[in-house]
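Here's a solo chain for you in structure tokens, the form predicted alone.
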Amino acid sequence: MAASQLLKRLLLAIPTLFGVAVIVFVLMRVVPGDPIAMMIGPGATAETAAELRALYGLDRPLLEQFGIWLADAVRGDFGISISAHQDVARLILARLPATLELSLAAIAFAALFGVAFAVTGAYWRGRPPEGAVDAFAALSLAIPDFLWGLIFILVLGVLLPVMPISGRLDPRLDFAAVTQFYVVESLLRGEFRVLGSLLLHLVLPAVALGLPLTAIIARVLKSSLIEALAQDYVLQARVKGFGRWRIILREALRNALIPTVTLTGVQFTFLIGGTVLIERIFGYPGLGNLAITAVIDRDLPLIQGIVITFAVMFIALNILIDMTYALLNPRLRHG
């Protein structure tokens, strides 16, 4: 992707974020429920409610509220959480690394096993291994990620209690983290017991989150590989005496990856959205879990901050996908 195209995408992100901000701001104020009423006890006076409403700026006209919030949000100030009484930006930054680690673990699992299954299905085309790959893909797509999570908890956490099913780290381990990126920090500091516990707690939610995407990658990439294997350059490689594994891995895979990367990138944005339910099911302290708590508490500043954060992540991912696509496609790279 050329620098001019990248700049154009960044400029287009501004109206997109503005539209998201308008929608979430208006929706949060038209749905039933009063966040101030949820904060105060049943014996609170009307004066107390009025003071809190003024403190959070909810007593002003809607347009004025939006203008103030937007001006602050541009500077990275999303206000104070109504339920947690803490700075929203700090709350989000404290939870975001956990969600990023979970999402990256899920996409790594999906990419690794999706490619492996696709190559296996293409190599053993018309034989039982291909049928097994197709059956796995159909089953993984038929069951949503949150249901996979519940199945894993029931089987591996209750019936066969061999895996942790809640939290991010064994509470018996003492780990004074400087950053919230626990996996990277524990690896750099040589805290391998902590690293092992972190990875163990990541396995079930990451696999549950990544299984549907694994199936999508396996299906799309297998079809692309089969199509690529019918091309002339593959025939020339066969004439030269190249083995089937070499033809698939070195000749066909690169071209077959181009449509797969695009589709995988689009699905990855949905995967990040899926962390909301998965984190809640596994009690994982990430941004998705925080989002559900914010919705339950009608915490308007926190909901708005989380939605804008997710929107920024989606836009950044789409730009990264376009850059990867241009890198894999020579016509776009040299154009």
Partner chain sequence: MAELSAAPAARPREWRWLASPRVVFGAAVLVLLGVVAAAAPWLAPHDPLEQDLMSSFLPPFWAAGADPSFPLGTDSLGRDLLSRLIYGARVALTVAFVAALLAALLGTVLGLLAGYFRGWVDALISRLVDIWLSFPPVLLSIVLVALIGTGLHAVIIAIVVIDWTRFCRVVRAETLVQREQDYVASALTIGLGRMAILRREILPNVMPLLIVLVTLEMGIAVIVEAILSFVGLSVSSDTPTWGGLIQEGRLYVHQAWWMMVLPILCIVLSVLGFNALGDGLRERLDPVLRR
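Positions refer to the first chain, counted from 1. Since we're looking at a predicted model, the values are computed, not measured.
The form predicted together with the partner chain is left out here; the points below concern that form.
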Problem - Distance check, L12 to the partner chain in the predicted bound form, heavy atom within 4.5 Å - result: yes
Problem - Close approach of F181 to the partner chain in the predicted bound form, 4.5 Å, heavy atom - result: no
Exercise for the section: Examine I143 and determine whether its closest non-hydrogen atom to the partner chain in the predicted bound form is within 4.5 angstroms. Expected result: yes
Exercise for the section: Although the partner chain is absent from this view, report whether V24 comes within 4.5 Å of it in the predicted bound form, heavy atoms only. Expected result: yes
Handout entry: Heavy atom contact within 4.5 Å of the partner chain in the predicted bound form, the stretch among 91-99, 149-157, 242-250, 187-195
Key = 149-157
Exercise for the section: May I ask whether V20, G273 and A291 all come within 4.5 angstroms of the partner chain in the predicted bound form, judged by heavy atoms? Expected result: yes
